[in-house]
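The chain below stands alone and is given as structure tokens, in the form predicted on its own.
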Amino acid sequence: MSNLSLVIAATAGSVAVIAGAALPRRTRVWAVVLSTWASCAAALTGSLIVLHTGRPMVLSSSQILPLTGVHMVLDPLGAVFVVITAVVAIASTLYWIGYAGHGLSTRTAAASLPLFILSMLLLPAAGSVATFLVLWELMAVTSLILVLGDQHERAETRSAGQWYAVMTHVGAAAILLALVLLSAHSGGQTFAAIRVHAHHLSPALRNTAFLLAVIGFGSKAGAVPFHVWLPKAHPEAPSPVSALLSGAMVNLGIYGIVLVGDRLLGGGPVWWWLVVMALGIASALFGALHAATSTDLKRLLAYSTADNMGLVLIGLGASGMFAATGHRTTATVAMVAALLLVVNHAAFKGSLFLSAGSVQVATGVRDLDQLGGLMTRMPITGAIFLVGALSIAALPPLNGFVSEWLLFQSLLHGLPTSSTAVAIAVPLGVAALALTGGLTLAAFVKATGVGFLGRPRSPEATAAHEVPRTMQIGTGLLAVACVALGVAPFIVLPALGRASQIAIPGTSASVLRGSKYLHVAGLQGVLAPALLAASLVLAAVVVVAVRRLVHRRSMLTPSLRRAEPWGSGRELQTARMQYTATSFAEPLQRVFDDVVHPDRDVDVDHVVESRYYFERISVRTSIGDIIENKLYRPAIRAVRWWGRQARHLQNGSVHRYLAYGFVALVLVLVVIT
């Protein structure tokens, strides 16, 4: 197949980088956006052709990278991730046109943004170790520059940048070691050569490479306990960058796990996938709980990214376990469910992060305790955020419901099984999925109800206004995708079936079929998304009609008194009478107190005339990350202690340095002999 689309995508992306670095400010943003759209359109076109035909796209050149050259192979599995990245990038850059006055307008940012997008577009097409690692490092460096953005002088942003830089490069080191081990023992550094020799590798080498890949790619996907960069970098990054990080970049961590575990190594024993599923369960529960108790809007969305990636890892783990035990149809359904979760997460999380950015632009704050009343002041942004919130809560007829329904179907039909490990893991996955759904619903009821409904709780919220039209359209594109994928998931399921066939060879790509009813081959589950949507719309119309009828009758009865909703019949309703985000989450904090470990600070101001009377009592609750505090902080302190001790080795004495050299030489001779 022609590789012209890859060439055009790379060329247009390079033009966008040059435009961002060279053009003056008044033309820089539009030139970068148009060139980036051309790059995304070319990559999107080529990926759709690959998904339609099932034939890979190949591009090789020996003149770009020294010694190794560049080798690109875009198959249906990689094409799915390219399509996701292209769609999120188009929406985010359109949003950036109106957002540029608030950030990302410098030459460095304008050049880094298209380079970041280009690296993510090309990464799933990498066909060799060298090409993959170069693109991966390029993605990591440009994303770090964008996280720091225009706020590098803020202490919180610098701290987030440090955490992100360390975690992403530790993960990159693990990925490098895993791929180098595989290529060194396979006689070549192309992925095709590794696949051919994978079954001849020793079990110890295969296990080591897989675990290193899970650590490296899991850190990029935000899997617990490698997630600590995520709730720091996402809130501090500019909103278009946050949408790209959560809607596109974390997906490539999932792609890496599938690439190494399924594509290169051809699957593995059950315990491999038990590890993946355990990471998924921990990530889903931990992320959902922290999202439900967070009051910072962007931090809430960041933790929900860990939650959703946890669900994807549960699907990948279940798929690997079912394939290892011979249940290949169920394994394919689980893989399709995981990929559909990735697609849907990109749509609703991209729209939610862009909506949160609109709120921050309009109000200057992102603390839910200071918001409120935004639905009347920012109706378009509020409606888009509501669509994203309903989608991520997996409520029909939006896209989150279909993917979680498929995941439930694959898990529930994975039993009975002869494997004891699978028989234990599957019910745990079902329980985690159910509990995560409840916590996610609570988190976004809080975010929508407290942040957008009720009365404003601060002057900033009172003065809020709608953002520029391009920001609304960019956000709305992803909200429309949430509705379309929920009502008609059949538009992407055939492509996901072909991608799953690449990940799990020997299975049928038509395991999911139907145009009106969604039939799962070999299972009893049937779903009619369009019929379900029509029923809900009809029910909503009936409710509105009945409400209007009752309202007309009440107007004819002057003895009836009208009051505001949720006002408990009071004539006067103020913002102080409403729930805040902190008070809404307090019951969950009490239930999970041993997990979240909230810090409570009480300030008491006494009346000047008497210390026995209180003028004001302030209660502040903050929730830290227990994994960061119990695991990473002690490790950082230990490294710093060793660093201080190492300074004593350098005292300027030549005699001591010669002694060090002599000891090192003796040790080398001992090891060699």
Partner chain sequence: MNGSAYASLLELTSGLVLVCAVVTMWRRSLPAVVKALSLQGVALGAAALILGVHQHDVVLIAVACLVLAAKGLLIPTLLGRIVAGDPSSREATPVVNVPASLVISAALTFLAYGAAEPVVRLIPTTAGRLVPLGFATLLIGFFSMVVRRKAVSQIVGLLLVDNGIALVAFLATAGVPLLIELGASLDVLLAVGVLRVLASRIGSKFGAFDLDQLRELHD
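This is a predicted model, so every value here is computed, not measured. Numbering follows the first chain given and starts at 1. In this text, the rigid core denotes the largest set of C-alpha atoms whose superposition between the two forms falls within 1.5 Å.
The same protein has a further form, the form predicted in complex with its partner chain, not shown here; the description that follows concerns it.
Only one segment in the set 29 to 37, 643 to 651, 623 to 631, 62 to 70 has any non-hydrogen atom within 4.5 angstroms of its partner chain in the predicted complex, and it is 643 to 651.
Not displayed here, its partner chain is kept clear of Pro24 by more than 4.5 Å at the level of heavy atoms in the predicted complex. When contacts are judged by a 4.5 Å heavy atom cut-off, Ala659 counts as touching its partner chain in the predicted complex. Taking the partner from elsewhere, every residue among His655, Val666 and Val670 has a non-hydrogen atom within 4.5 angstroms of its partner chain in the predicted complex. Relative to the superposed core, Ala635 undergoes a C-alpha shift smaller than 2 Å between this form and the one not shown.
Relative to the superposed rigid core, the position of the CA of Gly661 differs between this form and the one not shown by 2 Å or more.
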